[in-house]
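A lone chain, given as structure tokens: the form predicted on its own.
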Amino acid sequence: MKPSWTKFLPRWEVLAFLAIALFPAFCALVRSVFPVQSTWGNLFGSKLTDLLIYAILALGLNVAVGYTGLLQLGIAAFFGIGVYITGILTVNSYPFQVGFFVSLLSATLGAALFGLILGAPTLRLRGDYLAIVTLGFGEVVKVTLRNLEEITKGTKGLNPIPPPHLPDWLAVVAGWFGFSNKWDLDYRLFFYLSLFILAIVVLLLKNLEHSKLGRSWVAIREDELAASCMGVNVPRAKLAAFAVSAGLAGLAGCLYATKLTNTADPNAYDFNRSIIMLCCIILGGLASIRGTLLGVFLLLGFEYIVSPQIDSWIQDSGILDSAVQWAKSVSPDSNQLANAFARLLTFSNWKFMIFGLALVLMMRFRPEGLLPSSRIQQELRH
């Protein structure tokens, strides 16, 4: 039994949220002590903002895969749909130019609508069959976005997507805290916007977990036939799971496109992105909000922050240059050997092998994930 005083301590999730929220203040402190590192905070703050956006995307996938047990491999397609809805509604080449907040709502609802369109004909599918259909849907969306050049500009993408416009009173409040109203120069505006939206999504999903709909999702995941016999409207619950999952992906897509200021190449929303998101929730723990967030920060933090930083250290240390020079001095076929050294000493080239090894070890020693839900943990240990 825990001591009574422990109930006054905040949960570690709250502490983690506060630590992330205080990151810009920490950067300002570092800049004051080490002025030469003036770009350090902007670089890591921008990367951290990306992780917050991907956390929303992973939470959306967790609704379908974790809560409901629907193996969804096309989450990147809904992410891309949210990106392109945002692009079409905001860039100058189209007459709409509705602004950020309307495009945020439109991308969420538009992606949710596509989720319903995909979910309706696949209600009877489960497991591998559903995975194949959603994978195919993702490829169809990617190819369609690439080939509709008159609308999507093909591989060039739509740009420039304008930044959000703050109301005058909010811009004044932001100015009191030293924030400029230039979104492209000050990462903190988008950082706090993404963090605020992520907190709303977490609260929404926390409430959904304990609602009638959330319990229906869990019942379908455990035994669809038994859930149906107990009065759960299985088709309606599955469609709701598809819609919520896709809607959150569209929401993340709108944030991603606005931060990037363009829609990027349609190939960016392919099967690989869906698999990375799936790996995040498997690593963190299925059906667990805190596990999903942890999985995103570990896996994507490693890919976008740790891995490039290690490559930078290797480059700055001169190890790579020394190895290439040595290869050129000892081998007649120097270019081939030098290229081999360059590939071997680039840490980013090893990241997918490390991802795969981590997942194999997880499946062997902790298949429920690092922070699974209590129900999943009990199921996998009995």
Partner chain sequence: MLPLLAVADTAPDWFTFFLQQCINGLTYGALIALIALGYTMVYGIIGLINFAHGDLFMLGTFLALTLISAFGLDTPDASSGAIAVGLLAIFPIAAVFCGALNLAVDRIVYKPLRRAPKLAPLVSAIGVSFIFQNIGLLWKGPADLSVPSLVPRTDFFSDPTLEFTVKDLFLTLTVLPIMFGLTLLVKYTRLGKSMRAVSQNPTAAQLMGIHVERVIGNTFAMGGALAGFASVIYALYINTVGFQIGYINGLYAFTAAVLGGIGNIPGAVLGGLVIGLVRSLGAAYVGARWATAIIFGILIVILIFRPSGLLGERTREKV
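These figures come from a predicted structure and were not determined experimentally. Numbering follows the first chain given and starts at 1.
Omitted from view is the form predicted together with its partner chain, to which the following refers.
Engineer: Consider the chain as shown here, without its partner, and state which of Leu125, Ile197, Ala219, Val234 has a heavy atom within 4.5 Å of its partner chain in the predicted complex.
Structural biologist: Of the listed residues, the single hit is Leu125.
Engineer: So which of Leu189, Leu158, Leu89, Leu286 gets a non-hydrogen atom within 4.5 Å of its partner chain in the predicted complex?
Structural biologist: The residue from Leu189, Leu158, Leu89, Leu286 that makes the contact is Leu286.
Engineer: Check whether Arg146 has any heavy atom within 4.5 Å of a heavy atom of its partner chain in the predicted complex, and answer yes or no.
Structural biologist: Yes, Arg146 sits close enough to its partner chain in the predicted complex that at least one of its heavy atoms falls within 4.5 Å.
Engineer: Taking any heavy atom pair closer than or equal to 4.5 Å as contact, tell me whether Leu15 reaches its partner chain in the predicted complex.
Structural biologist: Contact check for Leu15: no, nothing within 4.5 Å of its partner chain in the predicted complex.
Engineer: Can you tell me if Glu139 lies within 4.5 angstroms of its partner chain in the predicted complex, counting non-hydrogen atoms only?
Structural biologist: Yes, contact at 4.5 Å.
Engineer: Would Gly318 sit within 4.5 Å of its partner chain in the predicted complex, counting heavy atoms only?
Structural biologist: Contact check for Gly318: no, nothing within 4.5 Å of its partner chain in the predicted complex.
Engineer: Does each of Leu71, Ile275 and Ile282 have at least one heavy atom within 4.5 Å of its partner chain in the predicted complex?
Structural biologist: Checked in the predicted complex: all three residues contact its partner chain.
Engineer: Where, among 52-60, 322-330, 347-355, 24-32, do residues come within 4.5 Å of its partner chain in the predicted complex by heavy atom distance?
Structural biologist: Of the stretches listed, the one contacting the partner is 347-355.
Engineer: Note that its partner chain is not shown here; using its position in the predicted complex, name the residues of 47-65 with a heavy atom within 4.5 Å of it, in sequence order.
Structural biologist: Heavy-atom contacts within 4.5 Å come from no residue here.
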